[in-house]
Structures are given as C-alpha cells and as structure tokens.
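Presented below, as structure tokens, is a lone chain in the form predicted alone.
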C-alpha cells in the first residue's frame, strides 16, 4: 500500500521534503498555515556557500552543507524539468574580502582544510582581486576566491518547487490557518487539525518543517524544541551600471548579483520575535557596509527592503531525524540561514527515513531530542 505522508510547513524545507517524498512514490499532503514559501525562504539570498558560511572547521554541520551542495546538480535539474521553471542557478564562485592585513592571519589554515574538502580556494592579492572583481574598493588588502560556490534565485526556486510538487500530485493546503492539534497515534499514524480546514489531515507519517514556529508544537511530541525566530533584514540595489560578478562576503555583510539586474545585500540580523518589519537601523548597517566595500553604491537608495524570520536553534544546528522511537514523526526544522543550501540534503534524509533506509550522512549532532531532558519526556 502507498505510504501517506503529511508535511507540516510550506517553506523551502517543507516543499523540498514533499517533492522528494512524492517523486519516490508516496502520497503527500502539505499543510501550511499561511502562504507557501514565506518567511525564511522569502528573505533568502539563495547562496549555496558551505565554505564561506563555515570558515572554522570541517564539523558535522559543514559536512551536511557540503553533502547538500554536491546533490544540487541532480536535484535542481529534476525540479526544473518537472516544473518547467528555471531557478536561475548561477555558478558565480565567491570572494571573501579582507580589508586589513591582520585579517589574513587565520586564512592559511582555512585554505588548507577547506581545500582538503574540495574548495579549490586560493588567496588573491590586491591586484588579483581588482582584476577579478573590479567594482570592489581599492582599500581591500586581499580576497579568498572559492570557485565552486554558487547561488539560486530563491523566489523562482520556491515557485518551481510548488509547480513540481503539483505535477507530482502533492496536495498543497496553504492558508490552512492556526494549527489547533497534532495527534500521533501509538500504533502509527498522525492527524493534523487546522483552523481553516473542515477535517483533520491524516497520514501514516508526519514530517514537521514548521521553521520558526516549530517550538509551538512541542507539547504534542513530548520534546523540547527551542527554535526561535531571528529577523533577517535584506535590501537590493540596481547594479546594471557596475557588474558584481561573484558572491562577495565581508565580515559585515554579503552581496549577490541576480539575473534580473538586482544586487541583493544582506543580512542585518536581530531578535524581534515574529516581527517582519524593516528598520532604519538594520538597513542602515547594510547601506554603510555597501558604500565601504562597493564604492559605486555610495549615496544610492535600495530598490527594495524586506525581512524574514530565520529559524534558529539554541546550538545553531537543525533538528533533523526521527522525533520518537516509532518513526511516525520526523523533524526537519531549525535550518537558520541555510535552508536554501540544505534543501536537497534535508529532503534526501527525510525521504530515506520515510523509506526506513539508513541515511548517507551522520545525524547524531542534529537529533531532534537533544534538548529534551528526562523530565520532559512522556
């Protein structure tokens, strides 16, 4: 009999899990309280940059990020083929810019270990840096060039995933309203009740991809799920007059040029509960960083400003794996600022768990019950 799966949450992670489960032949229903692809997905710059985002050491999280990057070619080809929509995957490479010689002290060890993991990174002096990225300030002392990093256009990827899921027969229930109850039956199966749905949504298995809202559901699983929202503020500029060829990172911000002629700059982060408004302080920080690193932006006002909520756990690592011994509930949440990058890996891990196959990568560090004390367990 075909296994039925309920996916709770319709951001990039939920859509990716629904897509992967459906293309492995499962019957999938996705329940999203609001609109599909909102919050963290909508605020993302779409960077696929495991080396730039993990400069310290090859820990389990870095390995998960790299595993996901390596899955991207096949995964995005499948999404685009089924949907007929391009996600605008750009293999731009990245440059981490250093303004002072003192900033270069830890770079040699970083290059050594990252190149052992396939980065092919090289340190550029000031002259090489200006040749590769002419728009950068001449005050830059050096840059770390990593050719294998890339980016997608997050809104297009979300649209493509929605279309691909629909093509595969996934039932997408968006604007379902507040989740009123989740029941997990002792003998298997789960039911989700939402304010905007006439009847519960039933499934053999439940995949929780609720992002920053995951903590609100912990009472139904007997787990401590300390996920909180981090507001990420982003702006974009018109860069048609001065091309930015690579993803550019500094200690203060990042810049990503898109095919539509916009230059995305992010991300100013703060804790503001579930507020998604933009602030002058947050955007002002991005403007100052932009003027300093890319002089052609001096005095330019952003075309757009927006914010989204990034789901962060207490230790900065996602919750990924089975939530209880029966395997009925699988958690895939808390990806913070790496949801776009980690979508293929998360979807593959979840689908393998649904098929009761061993995962291709170690999940111990991401165990959903790692914050749960004995007193909180049922």
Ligand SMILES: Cc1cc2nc3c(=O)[nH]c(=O)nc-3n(C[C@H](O)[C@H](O)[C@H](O)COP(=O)(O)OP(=O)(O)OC[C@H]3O[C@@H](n4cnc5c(N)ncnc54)[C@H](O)[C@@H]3O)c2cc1C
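Positions refer to the first chain, counted from 1. Keep in mind the model is a prediction, meaning the values are calculated, not measured.
We do not show the form predicted in complex with the named molecule, though everything after this point is about it.
Just to confirm, residue 309 within 4.5 Å of the named molecule in the predicted complex by heavy atoms? It does: once the named molecule is placed as it appears in the predicted complex, residue 309 has a heavy atom within 4.5 Å of it.
Does the named molecule get within 4.5 angstroms of any non-hydrogen atom of residue 75 in the predicted complex? Looking in the predicted complex, residue contacts with the named molecule do not include residue 75, since no heavy atom lies within 4.5 Å.
Flag residue 33 as yes or no: does it have a non-hydrogen atom within 4.5 angstroms of any non-hydrogen atom of the named molecule in the predicted complex? Residue 33: yes, in contact with the named molecule in the predicted complex.
Quick one: is residue 297 in contact with the named molecule in the predicted complex, heavy atoms, 4.5 Å cut-off? Residue 297 lies outside the contact set for the named molecule.
Interface segment, criterion being heavy atoms within 4.5 Å of the named molecule in the predicted complex, picked from 124-132, 101-109, 226-234, 79-87: The contacting stretch is 226-234.
Quick one: of 28, 340, 331, 349, which gets a non-hydrogen atom within 4.5 angstroms of the named molecule in the predicted complex? None of the other options qualify; the answer is 340.
In the predicted complex, does each residue in the set 313, 363 and 368 place a non-hydrogen atom within 4.5 angstroms of the named molecule? No residue of the spot touches the named molecule in the predicted complex.
Does anything in 174-213 come within 4.5 Å of the named molecule in the predicted complex by heavy atoms, and if so which residues, in order? Contacts from 174-213: 179, 209, 210, 211, 213.
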